[in-house]
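One chain follows as structure tokens, the form predicted on its own.
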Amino acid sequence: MDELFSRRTRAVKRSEIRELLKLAERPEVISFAGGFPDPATFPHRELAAVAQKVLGEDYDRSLQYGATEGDRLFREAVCEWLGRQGLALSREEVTVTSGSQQAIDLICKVFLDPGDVVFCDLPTYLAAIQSFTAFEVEKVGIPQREDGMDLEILEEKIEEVSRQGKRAKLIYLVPDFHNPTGITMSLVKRRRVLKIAERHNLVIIEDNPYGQVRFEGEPLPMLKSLDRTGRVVLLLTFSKILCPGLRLAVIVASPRITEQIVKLKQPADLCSSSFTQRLAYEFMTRYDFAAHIDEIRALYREKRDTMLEALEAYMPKHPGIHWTKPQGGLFVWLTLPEFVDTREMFPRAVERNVAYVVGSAFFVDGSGQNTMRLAFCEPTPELIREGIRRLAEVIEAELSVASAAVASK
């Protein structure tokens, strides 16, 4: 039967990282691996009250099939919410999806043919890499700097791809509190990347799961709010600011793009859940959504601060060790000396009951062996401190082994 499987199934591999993380499923392991929201941020009592109302008073619509584009009331609430953030929209520009991962998949269906080229950060979001791989495209990684993607290199690569006769289509970005690095793209680069995309006729995917979770500094405008040519497709999820179990996200795009998205969403799932959309709508309109997000920010700010303080206190003082200091989001990116391979080190970390995500998984060019992603969202501050202490001991041991090996030569 294997010969009947599509070429796509042969191209996509099971995630090695998820296989590695099975080693870390023991309850005694302090995990910085998954970007799972803290359940303390889930407004479960409010959602229980809302669910009772929806099922009691609106069951005929909330339990029924809905429009492929999404529930009208929910989309209007999203437009109003984003309008307060400077993004003026009509509901015709909003498509509801079952999480941002479905949104990425749909955008790939709309734009990508086998052999097309997608530009992305180096490193970039792991599940986006998997989606691009499934659509059999060429992934070109562009190094990140402290203020976002290196746009000089981006332009060089775009021109190189053009000379090779290949068709470039998309630039994939996570501009706010990037996954996995926590880096935020500067306003200067946001404006410039829009000009680059316009000049070379490229579409930008602005994946923005963490933009609402800012701890400090002034908010920067979304790329979509700066877009004047309709080439930015914005993805927003409610997983980090409400709860992931609702599986709710939206795609914000020009009507021309939205029409294509809806056309390809219909054979995928007919429609997203009417029930969870109505729950989210009732929560957003019945409760103080902004205050709820403020509480999430305060919780994660404390955890971010705890992780940064623990890294400063426990990590070996080595010139090759450094980490990002994100102004928001859920992740810190740790870089170790080039002779340390975090994939090889992972089982030894798990033996010390601490886990992380191997950084090389986020690189489309196979590099990044000396990096790791640390998620501070789920563990308590006490566990964060203890987990970083254990991790530092593991790294110290790696450095000692490497030093001994050099000395013996």
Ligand SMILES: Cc1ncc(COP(=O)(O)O)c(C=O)c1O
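All residue numbers are counted from 1 along the displayed sequence. Because the structure is predicted, anything quoted here is derived from the model rather than measured.
Quick note: we don't show the form predicted in complex with this ligand, though the next part is all about it.
Discussion item. Can you work out which of G148, P209, G182, G141 has a heavy atom no more than 4.5 Å from this ligand in the model of the complex?
Written reply: Here the answer is residue option P209.
Worksheet entry | Among the candidates S274, T237, S131, Q327, the residue which, in the model of the complex, approaches this ligand to within 4.5 Å (heavy atoms) | Looking at S274, T237, S131, Q327 one by one, just T237 meets the 4.5 Å heavy-atom criterion.
Worksheet item: Heavy atoms within 4.5 Å of this ligand in the model of the complex: which stretch among 223-231, 148-156, 201-209, 131-139?
Response: It is the stretch 201-209.
Discussion item. Taking this ligand in the model of the complex, would Q101, V174 and R247 all count as contacting it (heavy atom within 4.5 Å)?
Written reply: Yes, because Q101, V174 and R247 each have a heavy atom that approaches this ligand to within 4.5 Å in the model of the complex.
Discussion item. So, Y125 and this ligand: in the model of the complex, are they within 4.5 Å at any heavy atom pair?
Written reply: Yes - in the model of the complex, heavy atoms of Y125 and this ligand come within 4.5 Å of each other.
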